[in-house]
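Shown below, as structure tokens, is a lone chain in the form predicted on its own; questions about how it binds or moves come after it.
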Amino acid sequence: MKGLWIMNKTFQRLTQNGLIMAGALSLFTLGMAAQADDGDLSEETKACLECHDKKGLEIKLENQETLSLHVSTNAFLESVHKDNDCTDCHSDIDETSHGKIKTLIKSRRENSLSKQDVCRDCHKKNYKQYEDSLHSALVKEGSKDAPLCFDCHDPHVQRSVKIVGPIAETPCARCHEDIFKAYSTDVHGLERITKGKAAPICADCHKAHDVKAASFGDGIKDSCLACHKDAVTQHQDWLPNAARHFAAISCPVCHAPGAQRRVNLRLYDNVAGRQVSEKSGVPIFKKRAEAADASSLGLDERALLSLLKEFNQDEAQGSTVLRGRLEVRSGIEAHQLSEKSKAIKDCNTCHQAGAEPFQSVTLTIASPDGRPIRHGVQKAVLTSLTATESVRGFYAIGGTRIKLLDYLLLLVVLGAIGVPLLHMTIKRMFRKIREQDEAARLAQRAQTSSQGLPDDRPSADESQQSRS
């Protein structure tokens, strides 16, 4: 027994010593790896980081803001820019005077603006997309909140986009806080938390750099269909005329069951196949809409038709129509998507008198950058027979509850079916009479021929004379 006890203690000591040696070896290996990584940096970059790796390094700006100058060496080594030297981006810095002469910077915003061209030099494609985006348009308008490159990307710690981080680190959340909160608890956000990159996040639907107005065109619907490729086919199993519903109804209308909805009548160019947009520097929609709606109660059917005619006068082809679309009322509600088992499938939600989605109506034109410019429309427009010319791009039988028009269309349908049926019935009823008359005529001719009497039929000459 004593020998067994000695062997056991010896084994424990060897095991402990082995673990200690393994731990020391691991620390040594990590230290060598870190040293090797640090050795990949140029001497100039190492010299910069010797100062800038000090925590708390910052300067005071002219507007009394504080700008941090701290750059973590470890974070930089893990970034996508680790192969770049500091001078690749900071080429304006003079080594002899740097840190000795105070640099005048008005604000953090001005500092970010001054660095935009640095990003352009390497990221030409992404920068071109950004220049054509809604964000860039807002910057050009003078917005102090519209994002610049540095607002979304910290160049010193920017990691590969292939690395999936916590959704709270998504840069969009900094500006679109309320929308992001809604997203983080909806079906996509919850799936992103549990499944990572497999579930969509902001850039998957709105793009990372080429951000357009969400209400413009069919961009968002196309984004939905990019992932849910069989959506139309699946809806056809239970939804009549599914393709028409997809064209006239935005996805969140049914998939965000708690949202409020409205009818958005969009000015649409039927020939060009796109929404009508205001021309830069020539804002006419607001002026015309306010003139047509002098009482500010919303456009009625006559004012709406008059406004539509004005826009058609601008175009030689007169191709402007109104295309209606059911949509949710806010961006927050558009990001409160539920799982598909909770989506609305009851047709009566829309197809009944006084349905909630048809109680709010707006008229919309796109601004030059795609953002919607809206004006209120009286909801009676959707139930007025005199407005059918205006809303013909949105009308569907039973869909807008214009009862008289529904009845007229039903009469047309019944007539189209009934007239041929009536014709066939009458034709069959008189077939026997025609057959009897024909048989009598044939019998009379036969009898006349057998008796050698002249035929009652006129001769060719008589027929010619009677025609002349």
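We number the residues from 1 along the sequence you see. Keep in mind that what you see is a predicted model, and the values were worked out from it rather than measured.
What comes next is about the form predicted together with a small molecule, which does not appear here.
Heavy atom within 4.5 Å of the small molecule in the predicted bound form - residue from 309, 379, 288, 123 = None of the other options qualify; the answer is 123.
Can you pick the one in 337, 137, 366, 292 that has a heavy atom within 4.5 Å of the small molecule in the predicted bound form?
-> Exactly one listed residue reaches within 4.5 Å, namely 337.
Quick one: is residue 268 in contact with the small molecule in the predicted bound form, heavy atoms, 4.5 Å cut-off?
-> Heavy-atom contact with the small molecule at 4.5 Å: absent for residue 268.
Just to confirm, residue 142 within 4.5 Å of the small molecule in the predicted bound form by heavy atoms?
-> No.
Are any of the heavy atoms in residue 304 no more than 4.5 Å from a heavy atom of the small molecule in the predicted bound form?
-> No, no contact at 4.5 Å.
Does at least one non-hydrogen atom of residue 240 fall within 4.5 angstroms of the small molecule in the predicted bound form?
-> Flag for residue 240 set to yes.
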